[in-house]
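The chain below stands alone and is given in structure tokens; this is the form predicted on its own.
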Amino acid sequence: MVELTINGRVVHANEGEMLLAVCRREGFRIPALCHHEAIEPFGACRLCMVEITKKEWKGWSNYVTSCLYPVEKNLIVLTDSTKVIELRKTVLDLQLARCPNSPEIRQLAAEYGVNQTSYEPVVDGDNCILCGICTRICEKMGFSAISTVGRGHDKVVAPPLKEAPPDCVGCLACSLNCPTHVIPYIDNGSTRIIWGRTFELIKCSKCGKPTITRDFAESLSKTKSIPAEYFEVCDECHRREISLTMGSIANWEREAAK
């Protein structure tokens, strides 16, 4: 167990934990657009910067990305010092120039008093902040269907050769976890379109509700050893069947006890 101080409060954390996780657990709000609990920290957005120091540092302090910095004994952390706020404002100023039409970026920037960028805005930008959540989750899922392409201002998230990715299964992990919602998809009841590919949606055999793409189901059956027939019933109907079964068991036990 490690003891440290955050904003004047002494807290305890497990050795190896990152500062961002500890700060959030203790109720300190820290913005982090590139962070997701399901994947490793990345430190791309730089918004989770905090100020750290120790008594033995004799007044010297440093600024670190809290998602990548592990807790240390006797560490003193400031999550909203004047310098930290200025650093976040600078990052949000840049993000507002890159993504002037993103509601998420505009709202977060406004919270820090940045209502207008001091840089020339990219008027026709696609609002992608290059946080890497989509590509990292896709890789974690085992597909690696998309990646970052290009360098500098030309860097974008795209499938190989910017064509319909053969490794995509239409799981929506990329789109649903994008913090600025810039990866579009279309569900029309029987098919799903994403990244230029059209996927067949499996319909629940009980209620007719679309569940997941057949490609995704086949992948899960193969890699996770899940029976293919499991995906023929939606989660809601699965839960209903389980509740009815458990209810029947409970009634049987009550009758048997009489």
Partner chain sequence: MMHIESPKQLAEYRKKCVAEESKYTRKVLVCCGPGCLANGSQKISDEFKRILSSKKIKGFSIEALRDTGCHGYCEQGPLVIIEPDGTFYTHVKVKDVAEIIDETIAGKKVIERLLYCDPDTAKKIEKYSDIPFYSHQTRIAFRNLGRVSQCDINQYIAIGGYQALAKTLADMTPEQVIKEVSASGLRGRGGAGFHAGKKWATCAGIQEKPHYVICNGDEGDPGAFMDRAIMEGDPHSVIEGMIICSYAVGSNQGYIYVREEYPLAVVNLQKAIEQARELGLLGENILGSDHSFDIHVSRGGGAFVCGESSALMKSVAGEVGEPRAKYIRSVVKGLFDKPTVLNNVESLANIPVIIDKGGEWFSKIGTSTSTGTKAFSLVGKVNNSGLIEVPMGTTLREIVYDIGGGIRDGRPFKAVQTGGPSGGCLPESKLDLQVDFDTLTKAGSMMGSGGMIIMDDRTCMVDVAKYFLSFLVDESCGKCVPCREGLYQLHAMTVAVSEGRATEADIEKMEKLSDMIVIGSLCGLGKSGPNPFLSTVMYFRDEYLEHIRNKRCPAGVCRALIQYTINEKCNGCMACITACAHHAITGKKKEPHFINQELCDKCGACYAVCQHDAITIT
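What you see is a predicted model, and the numbers here were worked out from it, not measured in a lab. Residue numbers count along the first chain shown, from 1.
A second form of this protein, the form predicted together with its partner chain, is not displayed here; the remarks below concern that form.
In the predicted complex, its partner chain lies farther than 4.5 Å from every heavy atom of T211. Proximity of I39 to its partner chain in the predicted complex falls outside the 4.5 Å heavy atom cutoff. Using a 4.5 angstroms threshold between heavy atoms, T148 counts as touching its partner chain in the predicted complex. For the chain shown alone, K73 is not a contact residue for its partner chain in the predicted complex, no non-hydrogen atom being within 4.5 angstroms. For the candidate spot formed by C171, T191 and L220, no residue has a non-hydrogen atom within 4.5 angstroms of its partner chain in the predicted complex. Contact with its partner chain in the predicted complex, defined as a heavy atom within 4.5 Å, holds for exactly one of L176, V182, V122, A110, namely V122. With the partner omitted here, the stretch from 196-204, 41-49, 23-31, 229-237 that lies within 4.5 Å of its partner chain by heavy atoms in the predicted complex is 41-49. For the partner-free chain shown, K83, E86, L87, T90, V91, L94, Q95, A97, R98 of 80-111 come within 4.5 angstroms of its partner chain in the predicted complex, judged by any non-hydrogen atom.
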